[in-house]
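Take a look at this single chain in structure tokens; it is the form predicted on its own.
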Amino acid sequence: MLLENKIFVLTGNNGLLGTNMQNYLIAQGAMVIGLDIYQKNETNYNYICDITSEKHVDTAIEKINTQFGPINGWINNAYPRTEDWGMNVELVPYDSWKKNVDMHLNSYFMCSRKALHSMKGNKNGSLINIASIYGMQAPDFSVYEGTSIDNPVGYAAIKGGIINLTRYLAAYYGRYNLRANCVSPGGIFDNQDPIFVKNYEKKVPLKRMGNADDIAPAIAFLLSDGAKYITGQNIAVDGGWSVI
């Protein structure tokens, strides 16, 4: 129980990956405060919070520090995006591009800086940003052939930016014994088109898409003291996709 009595904040806790992360970390003994704009019910442990709003984030951090004590770790997992997300690169309106960068990359910066500032006084803490294999390398468009699925161009730019932003934060905040790392999931199965699933799994050395429960253990490790000398890293949890 390496996470026992630790207080972690998880954005986007109401989604597929977030729900699994929250449950897994709680099972490891942690207290996990979820922040999500789509929270089903606000409770003492789950707040309705728009991570693109500086006021919302400030209020959440103040409430957490007052009710539970100092934050030990923060996971940026929320996935804000516009309704036209997923449009072909040749059709994406410029305003939509700007809005998605602002909603996602800029909110990760804002949340990261506020979280690290909150943990700075403890002289100990862990920040984790959820990135993606498509922040590491270009997409293979052949896996989408024969389907209506496309890969959003903004996703590559945003997730690539998050990875290098995290490296910067690790370099700067290391002097305060604060760590910053990324986890980059590969494709996660979520009842996608069977053609896509088949195409994708052909490319993966482990011959399957990821499951939601494949990601949480890496998060738990990076939050724990077992990773106390790991910072500025990007861990790909992708079944080997990124090595071939």
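What you see is a predicted model; the values in this text were computed from it and never measured. Counting begins at 1, following the sequence as shown.
There is another form of this protein, the form predicted in complex with a small molecule, and it is not shown here; the text below is about that form.
- Annotation: in the model of the complex, residues Leu3, Val32 and Arg179 none come within 4.5 Å of the small molecule through any heavy atom.
- Residues within 4.5 angstroms of the small molecule in the model of the complex, judged by any non-hydrogen atom, belong to 76 to 84 and to none of the other stretches in 76 to 84, 142 to 150, 116 to 124, 89 to 97.
- The closest heavy atom approach of Glu54 to the small molecule in the model of the complex falls outside 4.5 Å.
- At the 4.5 Å threshold, heavy atoms of Asn234 stay clear of the small molecule in the model of the complex, well away from it.
- None of the heavy atoms of Ile230 is located within 4.5 Å of the small molecule in the model of the complex.
- When contacts are judged by a 4.5 Å heavy atom cut-off, Ile130 counts as touching the small molecule in the model of the complex.
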